[in-house]
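First comes one chain, alone, set out as structure tokens in the form predicted on its own.
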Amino acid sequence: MEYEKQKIDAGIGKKGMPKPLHEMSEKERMERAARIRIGSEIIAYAEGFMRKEGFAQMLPVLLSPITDPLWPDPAAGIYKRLEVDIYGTTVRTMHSMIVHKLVGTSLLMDRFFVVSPNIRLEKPERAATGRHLFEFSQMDFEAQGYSAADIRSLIERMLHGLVEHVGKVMDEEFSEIGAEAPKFGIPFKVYERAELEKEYGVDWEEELPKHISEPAWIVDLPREFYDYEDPKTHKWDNFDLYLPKRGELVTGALREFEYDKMLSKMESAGVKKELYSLLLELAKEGRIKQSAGAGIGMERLIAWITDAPHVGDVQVFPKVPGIVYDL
């Protein structure tokens, strides 16, 4: 099969890679089906939780002249950006709806969420991590007037209730895959990024999951222009949530909203300002309001809860970096 050749070309061994449906055994198909059913319940619970918290659901944007630059975030592993000309304008596939969230919460409503498909062509070698995909869905949400701590608390309550719920109502499916829903308490422990660098060095992102037994927050991460940086302390009011043995699940922050700070950070990072001219114009006019929000990788969430070997094992049609399956 062509995808086998692609795995060899990418230097990826067959062991651990998700199989396409037509090459799976009956037992393997039953296990994937069980994970898909659990995932469906997880998504339904998360959407219901957000509605109860007063968030309106927005339908996703797939193509836009503006998307997340994913730079200078050191965790970004994009090797190619997809662009296409339509109606005489260059548009890009959505990396994440961060800019749309900033504008939406400023001009339309004070809080909303969206389950957004994202396309990020990750480096082929990331297939072997078991946690990267080039096409995935993210629950993105943003709220005007919230702090970063408010968003972290919201996520903790959501995850705690979600795992408790699916553990009760999906007994048959968990038995099918030979797993149990993870157990943990809230609030989660908070680590300073600088502390982790001292303890584990520059590879702390890879080391931390090996040393924690419950989800943990990491704060103060130098990142993109839209995350808030205190001008006096130069600390970043943002966060990631890391899972035991699996790594990052959530990324979020209090947002920048002032024109001068956005512009300065774009220039320092080498971000193309012309791609964000509307956002900068709105900020200059004082129409961007401060908000906070986050994004949760849904496949990673489902893979963690169902103890999937690879994050592609919770997709009906896996989208693994470096491999293009027939479907």
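Not measured: the values here are computed from a predicted model. For every residue, the number given is its place in the sequence shown, counted from 1.
FYI, the form predicted together with ligand ASP isn't displayed, but the following is about it.
Taking the partner from elsewhere, D68 is found to have a heavy atom lying within 4.5 Å of ligand ASP in the predicted bound form. Residue contact with ligand ASP in the predicted bound form: D140 places a heavy atom within 4.5 Å of it. For G252, a non-hydrogen atom is located within 4.5 Å of ligand ASP in the predicted bound form, even though that partner is not displayed. Put simply, G39 is far from ligand ASP in the predicted bound form: not one heavy atom of it is within 4.5 Å. Look at 79-87, 200-208, 186-194, 98-106: in the predicted bound form, residues with non-hydrogen atoms within 4.5 angstroms of ligand ASP sit in 98-106. For the partner-free chain shown, just G295 of 295-314 comes within 4.5 angstroms of ligand ASP in the predicted bound form, judged by any non-hydrogen atom.
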